[in-house]
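Only one chain is given next, in structure tokens, and it is the form predicted on its own.
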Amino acid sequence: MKNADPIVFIVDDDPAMRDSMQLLVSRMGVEVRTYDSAESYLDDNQPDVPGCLLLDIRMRGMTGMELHETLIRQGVRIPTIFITGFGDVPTAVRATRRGAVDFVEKPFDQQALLQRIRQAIEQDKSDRESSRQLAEFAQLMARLSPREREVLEFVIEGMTSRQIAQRLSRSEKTVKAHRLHMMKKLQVHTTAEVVRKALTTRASQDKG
């Protein structure tokens, strides 16, 4: 799904609002899919499809907030924009703290909503690309030999080749050779790059 076109998903149990938003968003030239309930969206949920989610906060059955929480538990990170009534604003604010990208109040400014959707799609594109790069780097790390992984750990700690050699009771020349092989396998060119990518990859795996 790396090159898949984005889709805007609209979940709202009000037919008039759902049709109105579909007509508005379709002007952007993107595909739009609509659902009349949180349950119907979950039945059709495709986490690998890029885009964003427009979600009514109050619906019969599973509410928008409950759907958002369900997606979080499932590890689905689609950018979500809540559509709220005046009394729902405090709830929507809590949702943004839980990962929703934004919320808009009814009646909403159409151009402002379209701009937020564009931003959400761009965010999703960026997040997916970052995730792809992290996954590729994790695969490269998995191919390191035990000694190369050991050297990587010391590099992350900020140790020089001489210090690593002393810790491993090896010659500095040998450590430099392991370090060079490790850098080549990880396809990096500087110490700063390997440290940054290794730490970012681990942080992502810990969150997952």
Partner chain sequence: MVKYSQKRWWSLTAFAVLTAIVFMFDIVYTFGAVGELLYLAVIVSAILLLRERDIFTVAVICSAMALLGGVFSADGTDWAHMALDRGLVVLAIWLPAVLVVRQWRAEHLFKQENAFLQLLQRVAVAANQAAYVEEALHTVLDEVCRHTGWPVGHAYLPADDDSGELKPTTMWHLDDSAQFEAFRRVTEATRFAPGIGLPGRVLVSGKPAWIIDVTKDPNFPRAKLADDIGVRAAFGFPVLVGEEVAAVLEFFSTRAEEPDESLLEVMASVGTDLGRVIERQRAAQAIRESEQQLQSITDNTSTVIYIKDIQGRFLLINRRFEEIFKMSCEQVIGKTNQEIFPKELADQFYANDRMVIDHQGPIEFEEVALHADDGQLHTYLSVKFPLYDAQGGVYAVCGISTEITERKKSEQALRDSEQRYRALYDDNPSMFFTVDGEGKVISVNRFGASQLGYTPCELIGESVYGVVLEEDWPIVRAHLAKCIKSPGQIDQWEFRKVRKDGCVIWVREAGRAIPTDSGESVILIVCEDITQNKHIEQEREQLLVRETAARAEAESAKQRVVNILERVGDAFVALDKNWCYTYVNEKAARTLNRRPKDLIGKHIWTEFPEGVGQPFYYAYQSAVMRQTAVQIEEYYEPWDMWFENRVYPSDEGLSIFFQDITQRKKSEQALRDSEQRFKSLFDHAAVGIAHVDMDGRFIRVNPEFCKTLGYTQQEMLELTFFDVTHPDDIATSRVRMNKLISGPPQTVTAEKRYVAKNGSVIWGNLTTAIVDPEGDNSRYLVSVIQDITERKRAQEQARQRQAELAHVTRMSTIGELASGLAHEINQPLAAISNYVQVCIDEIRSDAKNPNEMVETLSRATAQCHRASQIIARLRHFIAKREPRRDKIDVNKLVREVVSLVEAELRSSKVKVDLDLHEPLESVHADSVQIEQVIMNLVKNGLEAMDNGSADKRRLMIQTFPVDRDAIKVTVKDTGHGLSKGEAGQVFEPFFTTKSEGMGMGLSISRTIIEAHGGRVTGTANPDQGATFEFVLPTKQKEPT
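Positions refer to the first chain, counted from 1. The structure presented is a predicted model; accordingly, all values stated were derived computationally and were not measured.
Below, we turn to the form predicted together with its partner chain, even though it does not appear here.
Only one of the listed residues (Q133, T96, Q110, Q74) places a non-hydrogen atom within 4.5 angstroms of its partner chain in the model of the complex, and that residue is Q110. Residue heavy atoms within 4.5 Å of its partner chain in the model of the complex occur in exactly one stretch of 121-129, 74-82, 100-108, 134-142, and that stretch is 100-108. Although the partner is absent here, R147 sits far enough away that none of its heavy atoms falls within 4.5 Å of its partner chain in the model of the complex. Within 4.5 Å of some heavy atom of its partner chain in the model of the complex lies at least one heavy atom of L24. Not displayed here, its partner chain is kept clear of L67 by more than 4.5 Å at the level of heavy atoms in the model of the complex.
Mapping the unseen interface onto this chain, T190 falls outside it, with no heavy atom inside 4.5 Å of its partner chain in the model of the complex. The partner is not shown here, but in the model of the complex the stretch 10-24 reaches within 4.5 angstroms of its partner chain through a heavy atom at D12, D13, D14, A16, M17, D19, S20, M21, L23, L24.
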